[in-house]
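Take a look at this one chain, the form predicted on its own, written out in structure tokens.
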Amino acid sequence: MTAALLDDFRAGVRDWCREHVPGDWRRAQTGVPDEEFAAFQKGWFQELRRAGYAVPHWPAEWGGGMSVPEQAVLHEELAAHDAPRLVLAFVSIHHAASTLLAAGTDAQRRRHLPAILDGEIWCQGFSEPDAGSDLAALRTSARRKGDAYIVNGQKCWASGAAHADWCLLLARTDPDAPKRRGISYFLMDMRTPGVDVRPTRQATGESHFCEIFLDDVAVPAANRIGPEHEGWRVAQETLGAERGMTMLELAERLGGGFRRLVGLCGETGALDDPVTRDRLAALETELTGLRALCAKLVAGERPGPADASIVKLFYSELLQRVTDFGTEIAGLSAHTDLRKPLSSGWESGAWPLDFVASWEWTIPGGTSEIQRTIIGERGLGLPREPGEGR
């Protein structure tokens, strides 16, 4: 795409944003019940869908088809116009879609991708209570019985599971195999008997995370993605999406959070302090670096084996630094109104809550320690870390 065409595309997105981004959504989404948040999210998704902006990273045949530069411009303009984020559909349009496109059957893609566009919500059932940061140490079992698998176990930290229609599920189908080789990957209907979802109240006051208890849940064999016992390989597609294309949007949203931080420094007079200005300059430099890394990652035809981990690690720790500084500048008064606008990101401007929530990003998709291990082993070629079953 030429620069002139990209400028035309940007102008079109700007016009659309001016007309369609609800001006009062932050006030309207602060302190609302879960049901109201979900209804707003689904309505906003359909608004973006009608404009062709909901799934720009999908292939054209499924409703996407934007080039990487167009996607970058779209996310930049949505962030610049402070548009609500697609928080509720995050797993659906990224993790679920990328997994289906990479490893699903034609029937699975035809069943689920249009449904996601119509508003089907997904969650992810990977983490387990006793596995820590070692995702492959899962104990949830799936035993083949006729045309179905009978699943028993428990999942935790499942984002948005209370609203989910379907779940990306990892379960152990061969208890005697090395731990990464006896896992299978399933698509599980959350309305199946035996599925019990319990929201987890977090330090921020939200209940975004959930536990999922599975008691003799029958998952049709046709809902398995990839060969039996080879779910670990499929899971890498999901994790790659979590650490990859999502970062293009998140980096731009962090830029919006940084602009709110600069505004706060101006309102409080902190900009008069040269030390504050130096710290802001350092953060802006890091943010510029993050955006460059993201652009390189998503534009690369053959990204390096550790590139996604580098971006994910850098983003999650920069998010902590930005929200930490915001909490410091906002002062004690910011701690008296612990509410944030739902449908915003991890840099909503409710700085104490943003700082607490920022720590969650150093955990999902592999903790920072896991990312460093991947960078060391796959990126730098260091010797593999010893461990049972690796």
Partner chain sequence: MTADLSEFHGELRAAASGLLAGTPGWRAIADAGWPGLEAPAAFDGADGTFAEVAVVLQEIGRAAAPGPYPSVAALAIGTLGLLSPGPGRDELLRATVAGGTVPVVALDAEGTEAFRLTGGARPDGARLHGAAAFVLDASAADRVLVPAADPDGTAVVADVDPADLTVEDRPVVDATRSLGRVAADGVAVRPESLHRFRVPDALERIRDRAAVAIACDCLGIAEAMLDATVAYTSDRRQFGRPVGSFQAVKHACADMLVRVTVTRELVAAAVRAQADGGPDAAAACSMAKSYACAAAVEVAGKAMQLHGGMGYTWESGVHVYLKRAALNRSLFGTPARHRARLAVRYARR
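Positions refer to the first chain, counted from 1. All values reported here derive from a predicted model rather than from experimental measurement.
Omitted from view is the form predicted in complex with the partner chain, to which the following refers.
- Checking 216, 130, 118, 267 against the partner chain in the model of the complex, a heavy atom within 4.5 Å turns up for just one residue: 267.
- Note on the partner interface in the model of the complex: the residue among 72, 313, 79, 187 having a heavy atom within 4.5 angstroms of the partner chain is 313.
- Of the stretches 102-110, 259-267, 168-176, 81-89, only 259-267 has residues with a heavy atom within 4.5 Å of the partner chain in the model of the complex.
- Of the heavy atoms in residue 150, none are within 4.5 Å of the partner chain in the model of the complex.
- Although the partner is absent here, residue 385 sits close enough that one of its heavy atoms falls within 4.5 Å of the partner chain in the model of the complex.
- Interface residue remark: residue 375 is counted as part of the site for the partner chain in the model of the complex, having a heavy atom within 4.5 Å.
- Using a 4.5 angstroms threshold between heavy atoms, residue 11 stays clear of the partner chain in the model of the complex.
- For a residue to qualify, one of its non-hydrogen atoms must sit within 4.5 Å of the partner chain in the model of the complex; none of 24, 32 and 33 qualifies.
- In sequence order, 281, 282, 284, 285, 286, 288, 289, 292, 293, 296 are the residues of 281-296 having a heavy atom within 4.5 Å of the partner chain in the model of the complex; the partner itself is omitted from this view.
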